[in-house]
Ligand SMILES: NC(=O)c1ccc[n+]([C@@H]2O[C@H](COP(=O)([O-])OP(=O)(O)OC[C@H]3O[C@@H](n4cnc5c(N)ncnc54)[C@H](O)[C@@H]3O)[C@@H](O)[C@H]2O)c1
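Quick heads-up: it's one chain on its own, the form predicted alone, in structure tokens.
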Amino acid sequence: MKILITGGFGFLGQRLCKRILEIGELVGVNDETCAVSRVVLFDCSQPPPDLPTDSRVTFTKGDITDAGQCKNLVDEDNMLVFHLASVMSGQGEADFDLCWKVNLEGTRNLMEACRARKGSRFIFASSGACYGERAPGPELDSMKLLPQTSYGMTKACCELMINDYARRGFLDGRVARLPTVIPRPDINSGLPAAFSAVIRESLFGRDATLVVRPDLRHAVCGFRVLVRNLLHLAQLPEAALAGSSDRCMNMPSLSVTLLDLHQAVKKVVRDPAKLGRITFEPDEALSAKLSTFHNDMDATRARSLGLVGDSSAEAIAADFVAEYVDESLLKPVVELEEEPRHWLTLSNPYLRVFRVENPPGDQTLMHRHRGNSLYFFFENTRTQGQKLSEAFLDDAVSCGEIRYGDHASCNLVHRIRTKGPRVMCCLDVEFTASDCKPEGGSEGPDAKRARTEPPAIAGLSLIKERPTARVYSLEVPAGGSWQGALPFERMLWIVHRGARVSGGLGDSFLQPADVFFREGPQQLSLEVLGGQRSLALWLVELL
């Protein structure tokens, strides 16, 4: 598979390229997994000295306003194109004609090049700056777009173009409407630049005066989660998008203020006294302009398709320290929600579910598990684990494997390194509370509970039982159906192998690691649509 990344010399382009090379293969046309044969990084600037040296990577300097050059870039069928290049908000306000030429005409040049080939998949980086004037409340995918900047206007126009090109079958277009990605390792311009500076400058020990109101709320995400989501969006089967002609969706984000981010930095470092001093001298006109940007992006659709969000502002700050500053500045152990590779996908009074994805060569920060947990694995790969003050130990996990950790009585402090050959993909289901009364004792998740016999339900097979939960498996063949009366008070459904379904888990395309929490008792039915994919589920009964 050949991949093109425009804006490839920039911060996000380089992070995306690095992740693609680590994974080594992607799902492309016809849902087939293909080895990455070539990655072309394209940009209008000079290549920086620290670009990847992998033999699969080539660098091209040019201009997307040159239609002929775009045609030369898209020179194969079934290519995957990530279009990240654009004139940003500050420059777009200063130079309307350049913004129009690059963001609109350049994007159309690239889309026309894709249209001339077969099977092109086109991933476009849009922006929450599309929203502009709107009613109070979260920014929804379905809102009318009334951008208040030329940059936002061009992004909104491109969204409409991509929807129409996809409707006509010219290309397979998918649009990620981005929040502000933070922190940028280098000083950046643009209206939201303060949301990077508040983390970056303090961690590098530099004093900074920020001109945005410290209490202004803004939608942000970390670079790691965005790169992961762009790749996930690119690899979704077309069937997952079949329910709507709208190919545009908000990316998951956190709604935070500059004060929130400043406090997050202080929370994850060993010695806050070593941080640079942050002061605020708000420019009211700039703050008013920025307030028309995204501040609380609703990503319900994206999350339903398996995209994830940062668990906390602390996780974003900790990731930046480890990647771009010095990991020794961090406190020795971070909490689970502060670890940047643990993405919180579901939380309620009874449990928290974190999704973890580590490509080969990557490792987590040292982190603490405080609650009893079930771990569900979705790939065969080799890992290494290291507990605090101990050496790394080799391990291997298998697709479909389930493990249990009794961490409430003895916390687990460790980090995980993936050796490969595949991404380590895991769901960590942490049990946080229980209202069950144990035999002759007090209530609580650590106490011994009276054992009850598991119910006999046709199709469900009990495969694991622990004090806090039972795990059942359920398989439904392609074109088949299942129904059952579930007597459980609380249950968690986890998709092991996905398929398009209708019924009690919604009418949608279920994907591996999707989760659904339900309270019962419940009568539930499922129908697997189509004749190609069977459905495999785990049902976790909370005890």
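So that there is no doubt, residue numbering starts at 1 and follows the sequence shown. What you see is a predicted model; the values in this text were computed from it and never measured.
This next part talks about the form predicted together with this ligand, which is not shown.
By the criterion of a heavy atom within 4.5 Å, Val356 is excluded from the residues contacting this ligand in the predicted bound form.
Contact annotation: Gly62 falls within 4.5 Å of this ligand in the predicted bound form, judged by heavy atom distances. This ligand in the predicted bound form comes within 4.5 Å of no heavy atom belonging to Leu51.
Contact check for Arg184: a heavy atom falls within 4.5 Å of this ligand in the predicted bound form. Stretch-level contact check against this ligand in the predicted bound form with heavy atoms at 4.5 Å: of 40 to 48, 471 to 479, 508 to 516, 491 to 499, the positive one is 40 to 48.
When this ligand is considered in the predicted bound form, only one residue from Ile402, Met153, Leu241, Val102 comes within 4.5 Å through any heavy atom, namely Val102. Screening Ile23, Leu529, Leu524, Leu12 for any heavy atom within 4.5 Å of this ligand in the predicted bound form leaves a single hit, Leu12.
Looking at 108 to 145, the residues that come within 4.5 Å of this ligand in the predicted bound form, counting any heavy atom, are Ala125, Ser126, Ser127.
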